[in-house]
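Below you'll find only one chain, the form predicted alone, shown as structure tokens.
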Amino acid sequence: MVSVSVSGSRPKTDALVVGVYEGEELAAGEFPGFVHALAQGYRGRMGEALVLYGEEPKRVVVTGLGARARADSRAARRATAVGVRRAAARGISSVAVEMPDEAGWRTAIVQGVGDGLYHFSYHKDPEREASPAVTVVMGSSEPLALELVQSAELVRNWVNLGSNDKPPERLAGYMTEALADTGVEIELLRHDRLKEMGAGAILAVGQGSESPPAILIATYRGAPGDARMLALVGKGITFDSGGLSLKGGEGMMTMKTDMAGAAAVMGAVRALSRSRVPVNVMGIACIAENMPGGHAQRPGDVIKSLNGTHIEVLNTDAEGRLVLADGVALAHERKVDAIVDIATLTGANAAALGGAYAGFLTEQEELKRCLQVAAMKSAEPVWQFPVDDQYRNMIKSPIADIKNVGGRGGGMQVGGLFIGAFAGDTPWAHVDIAGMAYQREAGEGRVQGATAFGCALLAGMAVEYFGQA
């Protein structure tokens, strides 16, 4: 795993990463060659990196934050990722990172280290791609931020794994192993138990697969004096073929990633528990494989969910909302105080926001505030979509209580409000991370593949919700 620590002063190191605002100079004379680089056209634009060489440290990477007036936690996270990736050359065993010590940026800066140094080594020799130890110079210890780097690495690994390596119960096993020795209560609901409970929605999604579905519940009680419990519910489709509403070949290429919501949930629970944050969270991972076959659910079927709601299934490729229906209903049944679900749910979200934001829905001002503050601090940005009865009317069914798809427009809202119908009177928010959970191509400071988006966001939201900011 990536090794990250925090120090109040700069240690002796092989390489140093320094953030600089666009057009501004660093301390006079500290880094020979920087003034010359400015004269040659380096300006410190967002993500722009400059490598300087010397004796101690061996290399200095100056990385741009963009204009001071516009710089935010996202700029700091990206600049850190770009810098450490440039610094981590062969022969470099230690790196120090110095960014502006803004209180609201600290989590983002530490996460940037994980972004820049992550590599998926499951099918490779890990020694060949060993990462240097990184020290982030800042004025506070940030234990949750440090744990989030480790948890986000696990989230990325789970998402990047091929679906053959993570059928539902095996994925639940990986997550359970990651939560060992954290004080988290684990409950695994397998096929027979789900059938006994009447969890017909997740069972319907999984009935076309030879690998049965499961729901993993991980409960962390870090604030025993606080009666509240926040439920985090994640979509965990280990492969989404579309079922009988079959996707095209290109559309299936990245469907191993359709369990990113569940991974983010369990990563957040792990980080919160390992850093002993005084919050109470119940992580619920709704895990299934959506496959065609002789036993698969059909368009036109009517199924019965955990809370007794009858669902007309018109599109078997709208399966994420079905597994989350049972997960959210389960959270409501257990009388939690608020529910946040997270999922790679709709292409409509990715199309609307272009992979720059995760969309969210809620009618609860406190949940909205917690999400937005957590998004700012984690540099995992969110954008609120409207809630309106016009969208709810689109999922009214003539033959059942509700149907799983609406018309052509408002796809993100329709999918989210379908899930929200199962929250009852419990305060609820929905986060759609489609377009954010996976990067098809490598970018500056980030490798191709899973991003772990949502892990830091959910952990930060729990902190805000319990007033621990």
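Note that the structure is predicted; figures quoted are calculated from it, not measured. The first residue of the sequence shown is number 1, and the count goes up from there.
Here the subject shifts to the form predicted in complex with a small molecule, a form of this protein not shown in this document.
> Can you check whether Arg321 is within 4.5 Å of the small molecule in the predicted complex, heavy atom basis?
Arg321: contacts the small molecule in the predicted complex.
> Report whether the minimum heavy atom distance between Thr346 and the small molecule in the predicted complex is within 4.5 Å.
Because a heavy atom of Thr346 falls inside 4.5 Å of the small molecule in the predicted complex, the answer is yes.
> Against the small molecule in the predicted complex, would Arg270 count as a contact residue? Criterion: heavy atoms within 4.5 Å.
Judged by the heavy-atom cut-off of 4.5 Å, Arg270 is well away from the small molecule in the predicted complex.
> Just to confirm, Glu153 within 4.5 Å of the small molecule in the predicted complex by heavy atoms?
Heavy-atom contact with the small molecule at 4.5 Å: absent for Glu153.
> Just one stretch in 235-243, 390-398, 88-96, 272-280 has heavy atoms within 4.5 Å of the small molecule in the predicted complex, so which one is it?
Result of the contact check: 235-243.
> Would Ala15, Asp101 and Val136 all count as contacting the small molecule in the predicted complex, using a 4.5 Å heavy atom cut-off?
Verified in the predicted complex; spot residues all out of contact, no.
> Using heavy atoms only and a 4.5 Å cut-off, determine which of Asp258, Asp115, Glu289, Glu147 is in contact with the small molecule in the predicted complex.
Here the answer is residue option Asp258.
> Can you work out which of His310, His119, Lys247, Arg190 has a heavy atom no more than 4.5 Å from the small molecule in the predicted complex?
Of His310, His119, Lys247, Arg190, the residue with a heavy atom within 4.5 Å of the small molecule in the predicted complex is Lys247.
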